[in-house]
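What follows is one chain in structure tokens, specifically the form predicted alone.
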Amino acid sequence: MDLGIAGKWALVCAASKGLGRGCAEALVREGANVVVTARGVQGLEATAAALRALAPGVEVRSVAGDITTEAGRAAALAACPQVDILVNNAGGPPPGDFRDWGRDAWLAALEANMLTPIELIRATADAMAARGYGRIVNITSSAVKAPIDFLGLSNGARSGLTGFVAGTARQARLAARGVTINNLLPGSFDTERLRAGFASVAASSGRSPEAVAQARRQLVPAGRFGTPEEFGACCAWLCSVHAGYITGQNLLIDGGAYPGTF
């Protein structure tokens, strides 16, 4: 299937590894030019080189910096001639117990996982509408639908973004002019983030990380953790010309782990 996004420009945040990288790889395979961001220069440049090797005819630009800061966002946007596709992503806040989190921890979580995506949407959505095409995908978490007790910071911040998107995506000046805004809710994917969560649970429970991982794997009907590559493929399709009638939605990708009907 031709996704119809060859030649378009995509800004993919936190793309040096994990799910962000999976999305960037899928987009360049479809012929989209990408600007990738991350804080770590070495990892980002390695990813950019790998992306160029995947699709030699595609332009890949890398911008090292913290996307949660005003300067980081400005640099990323300046590197992208126009943003046709925006993939919002940022490392999740640390796991733990809510009793240990003060105001600063909450503000940092909100800045990274709610306010930064909103600022990038604000900076790009109207220009997308003026051109008649735009795809905004926010990588959030399955915890928005089924909260995880030790990820309280993430539960709260990402739920705030979800509420914002629910209203904004339905504005006629966006939805009726070819701009969609959706959230992808990953379940358990084989990333550093997932392994860090297992280590945290293991440290507090006296079990090994391997035992914690196996217990989590048994909760997934698919019998395994997802891969960044298959997550990226879902993202690329949602960014395609074929997904123009899908907006304001929360798409759960979790191997069947969520037990509910809705």
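One rule holds for the numbers: they count along the sequence shown, beginning at 1. Fair warning: this is a prediction, and the values are worked out from it, not measured in the lab.
Below, we turn to the form predicted together with a small molecule, even though it does not appear here.
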Fill in the blank from the handout: Answer among 34-42, 202-210, 233-241, 48-56 for heavy atoms within 4.5 Å of the small molecule in the model of the complex: the stretch 34-42
Exercise for the section: Verify the contact flag for residue 14: yes if a non-hydrogen atom of it lies within 4.5 Å of a non-hydrogen atom of the small molecule in the model of the complex, no if not. Expected result: yes
Practice task
May I ask you to check whether residue 252 falls inside a 4.5 Å heavy atom distance of the small molecule in the model of the complex?
Solution key: no
Problem - the small molecule contact in the model of the complex: residue 27, any heavy atom under 4.5 Å - result: no
Practice task
Decide whether residue 61 counts as a contact residue for the small molecule in the model of the complex under a heavy atom distance cut-off of 4.5 Å.
Solution key: no
